[in-house]
Structure formats: C-alpha cells, structure tokens
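Before any questions on how it binds or moves, here is one chain, the form predicted on its own, in structure tokens.
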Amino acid sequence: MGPILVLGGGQLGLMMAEAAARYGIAVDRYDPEGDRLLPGTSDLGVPATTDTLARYARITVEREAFPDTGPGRELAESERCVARGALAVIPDRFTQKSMLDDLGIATAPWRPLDQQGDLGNALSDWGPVVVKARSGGYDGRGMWFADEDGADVPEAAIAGKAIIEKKIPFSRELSVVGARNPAGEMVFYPLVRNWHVNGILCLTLAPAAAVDAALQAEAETALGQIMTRLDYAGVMAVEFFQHGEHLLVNEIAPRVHNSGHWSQEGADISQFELHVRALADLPLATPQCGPFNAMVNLIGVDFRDDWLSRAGTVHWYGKSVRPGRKVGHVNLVAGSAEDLHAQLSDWLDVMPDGALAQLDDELNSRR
C-alpha cells in the first residue's frame, strides 16, 4: 500500500501516522491553510506541489470543513478521497438530517430555519428548541437554546443558515465508532457513554453501562446504513441521545473521533489502527476491549510533569493552550469499577465538578 494523505494538520492525523508506522505505511498530513505537507509526525512543513500531492493513492480527513477553493478543497472532492461522499452531505446539518430522514434513522424532530416566523412556529409546536448553525458548529459553538420567544438566537442564524430541533429530554449521551473498508466490510466498537460540558466532550466511559444487545444492534445498524449510503471507507462515529429504550442520532463525524480515543489503550485495535487498516485494504477485525475504560480530555490546561506519575496514559498534542481548547487526553484501563474510580480520582483537578460522581452513578449497575 502506498502512502496515505490526511487532510488537516492536527492531532488526529498525528495519531493515524503513529498507528500506521507499525505496518510500515506512511501517513502524511496536508495543511490546507498553509498549503504545505507535514511528513509523518513532523511539524516541519514542506511546500506542497502537484507532483507531491499526486503520490497518495488514498486520501482521508481529520475534519469536515475546508476552504471553499484551493488544493485542500480539490483533494477533498477528488476520487482518491475516501470521505468524498460524506463531505458532500455531513458538514451541512440540513443535508445530514435529510439523509437520516431518507434512511429512516431516528433523530430529534427538526425543520429548517429560513425566517423568523419558523422559530416562533417551532416554539409553539414543540416548546423548548435548539437552534443549530447548518455548518461550522462544533464543541458547543453555533448552537443556541430557545424556550420562550427565541430572543437569544442571533439574527445571523436565521435566513437559511440554521436548523431548529425539538429539545429532547434524553437520559444520556452515547456514541458508537465503527469502520468500513472499500469492499463494504464493517466492524464496530461497543457503545460508550459521554459527558459534555458547554458542548465539549470531557469524559468517556467505555463500554457504556446498561447496554443490551438490542441497543448495540440499533447503533451498529444506524452507523452501517450511513457508511454504506455514503460509500465511506475508514472510521466513522455517530453520537446519540438515548431517549427511553431507543437512540436518536445527534451528530455524525466522518473520521476518527474524540469518543474513540480510549481505544488506544483500552482495546486490542485502536480506532487509528482500524482506520489505517480500512484504507490500506488490511484485514478488519472486531476490536476486543476490557470492561472498564475511560478517557479524560485535557481542556485549556498547561502540561504538567507530575501527570506522568499518575494513573493512566497521557497523550499531549503540542498545541498552544487557550480556554476551551482540547490539548490532550488521558486514557485509563481498569479491572473493576472501584479501580477505575481510584484512577480517575488522580485527575479531579482537570475534570469538571461532579463528573466522577456521574460516572459512578453510571457504573452502579455493574458493581
């Protein structure tokens, strides 16, 4: 297999390159904004040329948004890009939700926000709603809650630039990560439980507690339908709301995903290795994982040497630190709920208040 190119210059591509190196496969990254190649795990970019960009047999992505013009856009739309079909649908919430409706996959009730009256009608019909920008929103950005007159929704979000969703009283947030190769073979990880603060993922428990075979099958069926419709190759993630005994799709990520980072230490095949296998036509295998794993995001904090003396494995991205920015994560692997609690206690200073208590509540059924 020839080298693989990742569109984007961030940490996800770095972790793909690290996983691919075990198989002697080169994974380079392309920084669209700087129009430069980042070989392997190097941050020393070299100029990108037509010849150098042509050497990659398969192209994948670590993000959904690219400049409207230029080589990055051209590469994302080329036949070599295994995410081409996904990038034509998923980044726009209108086309994403329309695809899910067409597939018969459940989501929160939704409608376009084309004019001010649409918001008033939705509030009248549904009560509290969530307004989401059609594109560009992530980690809590581009999202507004409205429960009365919608006065807090900015004018810029109206006139065809957003959708309206009914606010759902869900019990918890779950996600599933799976992979599909070009031949259509698919494998999946177990559902995991996620906790968000201000729209940013802060903690993942893997596997999620109280997941029966029917709920896991529901998640795998939804993700499998999506990957097949989009003729997608590689790892993809779907975030769900659990509503009663069923799942509602919240978001789709056509790439390796933050809620799958736990698999680096918690499974025999990480999501990054699985992504490379799918792209390189290497055999897929259903990943096996232990019963108690967790991932803690490091958000807006400076690196500390004493972290390396704590429980778990630290992954640091080398980014500049700013409030609300994911700059690293910690993976924890345990043999029991009590052991996982003890390990997470080492990280209370970087976790949101009450997060550990919420995880303990999740685990009560498995103690």
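As the structure is a prediction and not an experimental result, all values here were calculated from the model. The first residue of the shown sequence is 1; numbering continues from there.
Although not depicted, the form predicted in complex with a small molecule is the subject of the following passage.
Contact annotation for the candidate site: Gly9, Phe66 and Arg80 all lie away from the small molecule in the model of the complex (no heavy atom within 4.5 Å). The small molecule in the model of the complex comes within 4.5 Å of no heavy atom belonging to His246. In the model of the complex, the small molecule sits beyond 4.5 Å of every heavy atom of Glu273. The small molecule in the model of the complex comes within 4.5 Å of no heavy atom belonging to Thr286. Though the partner is left out of this view, Ser98 does not reach within 4.5 Å of the small molecule in the model of the complex, counting heavy atoms only. The chain is drawn here without the small molecule; in the model of the complex, the stretch among 114-122, 217-225, 191-199, 288-296 whose residues come within 4.5 Å of it by any heavy atom is 191-199. Contact annotation: of the candidates Ala106, Ile168, Val89, Ala209, the single residue with a non-hydrogen atom within 4.5 angstroms of the small molecule in the model of the complex is Ile168. Listed residues Gly85, Gly137, Pro182, Pro71 were compared with the small molecule in the model of the complex; Gly137 is the one with a heavy atom within 4.5 Å.
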